[in-house]
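Just the one chain here, laid out as structure tokens, in the form predicted alone.
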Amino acid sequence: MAKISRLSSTQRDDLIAYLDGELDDVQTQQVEQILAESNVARHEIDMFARTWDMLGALPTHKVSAEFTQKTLSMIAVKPPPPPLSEQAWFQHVRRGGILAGWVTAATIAGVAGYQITNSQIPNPADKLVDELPIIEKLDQLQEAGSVEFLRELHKQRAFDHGSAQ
């Protein structure tokens, strides 16, 4: 095996697990092989062992059960929030959106119905506008007396627009 100048993070993790006795037999043999061949690995494991020894020399303090309870309650995992579709405000927005959609559809249907009806059913006012020249001369036409007389005048072009009133 080639000389190791620096250990990878995985190799360092394996050395720590080796010191803690957490490796299986195959992994233990691999770490021991690296230790046998690498001065860097032996130095690292020596430093880790010293660090563990110094940590073991530190005084330990007992904490009360109350402290443990408070700490655990502070870091307790909160349950994930309910999905968006199950939140109360979303239901209101959804219902409002559905209502707005129906109102919009009804409005469009009403406007379309009005436009279709307006274009298909004749408006009585349109007939009055078409007959406006006759209505304007209604008093004169009533004085004429009979329809035959008016027809005779029409044949003589008495009602042409260019004629005098």
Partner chain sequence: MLRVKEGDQEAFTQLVTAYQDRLVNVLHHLLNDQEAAEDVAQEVFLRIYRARLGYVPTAKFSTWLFHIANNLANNQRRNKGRRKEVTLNMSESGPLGPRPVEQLLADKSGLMPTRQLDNAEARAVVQAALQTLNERQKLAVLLHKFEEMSYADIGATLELSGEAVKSLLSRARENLRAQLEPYMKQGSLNQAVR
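Since we're looking at a predicted model, the values are computed, not measured. Numbering follows the first chain given and starts at 1.
Note that the form predicted in complex with the partner chain isn't included here; everything after this is about it.
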Heavy atom contact within 4.5 Å of the partner chain in the model of the complex, the stretch among 49-57, 94-102, 126-134, 108-116: 49-57
Contact of Q87 with the partner chain in the model of the complex (heavy atom, 4.5 Å): no
So in the model of the complex, is the partner chain close enough to A36 to count as touching (4.5 Å, heavy atoms)? no
Whether S64 contacts the partner chain in the model of the complex should be assessed with a 4.5 Å heavy atom distance threshold; does it? yes
Decide whether R42 counts as a contact residue for the partner chain in the model of the complex under a heavy atom distance cut-off of 4.5 Å. no
In sequence order, which positions of 99-131 have a non-hydrogen atom within 4.5 Å of the partner chain in the model of the complex? none
